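Just one chain follows, in the form predicted on its own, and it is written as structure tokens.
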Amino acid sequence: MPRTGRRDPTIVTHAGRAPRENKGFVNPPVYHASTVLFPSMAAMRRCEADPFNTQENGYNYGRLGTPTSEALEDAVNTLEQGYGTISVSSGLAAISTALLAVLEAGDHLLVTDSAYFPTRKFCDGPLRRFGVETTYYPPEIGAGIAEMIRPNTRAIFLEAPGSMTFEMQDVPAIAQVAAARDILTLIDNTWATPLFFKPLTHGVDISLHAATKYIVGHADAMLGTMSCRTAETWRKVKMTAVQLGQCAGPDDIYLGIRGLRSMSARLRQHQEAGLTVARWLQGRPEVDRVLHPALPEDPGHALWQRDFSGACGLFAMVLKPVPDIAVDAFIDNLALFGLGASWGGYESLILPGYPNRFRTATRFAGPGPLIRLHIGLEDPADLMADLDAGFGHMARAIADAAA
């Protein structure tokens, strides 16, 4: 599908579909496949020579790809404006596979201090055991990251904004510094999705998504994608995924394809409702500040406004000092916000955050607890009423503790 002349809402509706090749059916079929039967020895040899060239050689084995996985990968890749996209079993699988593809023993990796905690655990666990050293950098460092680069630095991992504390990063500046030194850059782009930010067009080499979240959109499947800017990077990442046995299940891929079709409409609602609730929280006496880069008061707003075309429904608030018992009373008495990990589905979620338990390069400054919210597709007036009631329970818990 051509990338030029069509806008993203049109692309998410049409990319990855080929009704004329599927007997006229609008949606691609779901291939439940392991074994592929070859029509001849010559066909098998062609696949063995280049197992990833399915257009020329046909399919090799279910784990290497099917028409179902290609449909999702083509659609995401068209949005990302990359050379190629690879689907895997989860967002963390995308992160770990991509890092393993570009690093080896003795290498040095730079990772933003605001990274998704499972990313950090992978760097401090398996990567360390495999002989890769990780250094965490301040998210706002920008081009100053040049001072942290070593002779053996091979990759820089970004996340913009951080999915717990929401610091923005100067992605083009970091990518430019990295490219000048032949260092690969990777970014967790789950927050923005390919609709609101296209890292590959800003010089990043690999754009990663927990498609579990906004691409699937319904909290019912695990899925990850890795989009690569060049053929060389794509082949390296694809080969690593195959060697690790990484692939996504066909039904989860199909749920990703289905979710993708409505993502543009859903994100508009997430953005509008999220900003409505965020602005309301800014006026609450219990709240010290709201962490949301689309708010003009946010320190990262200028970067967000320059590079991004929208915002999702995920942000955080920092409360004024309150005891844990009051936070528990607030969260436990909410009716519409579920207490749980993940985000990006149709439902609203809430989760306490403890960034200083993990950071090493920076300290997160906040007078009180950090609470992350995902604003789902409910009416924001109902969500604000629910939060208002929760704040009432918080006040009563404080009063009871003081009595």
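Note that the coordinates shown come from a computational prediction; the quantities given were computed from them, not determined experimentally. So that there is no doubt, residue numbering starts at 1 and follows the sequence shown.
Just so you know, the form predicted together with a small molecule exists too; it's not on screen, but the next bit is about it.
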query: Heavy atom of each of G91, I95 and S163 within 4.5 Å of the small molecule in the predicted complex; finding: yes
query: Interface membership of L195, the small molecule in the predicted complex, 4.5 Å heavy atom rule; finding: no
query: Contact label in the predicted complex: Y116 to the small molecule, heavy atom within 4.5 Å; finding: yes
query: Distance check, D205 to the small molecule in the predicted complex, heavy atom within 4.5 Å; finding: no
query: K213, heavy atom within 4.5 angstroms of the small molecule in the predicted complex; finding: yes
query: Partner-proximal stretch of 186-194, 261-269, 139-147, 285-293 relative to the small molecule in the predicted complex, 4.5 angstroms, heavy atom; finding: 186-194
query: Among the candidates L281, C312, L223, A101, the residue which, in the predicted complex, approaches the small molecule to within 4.5 Å (heavy atoms); finding: L223
query: Contacting member of E80, E159, D170, E73, with respect to the small molecule in the predicted complex [4.5 Å, heavy atom]; finding: E159
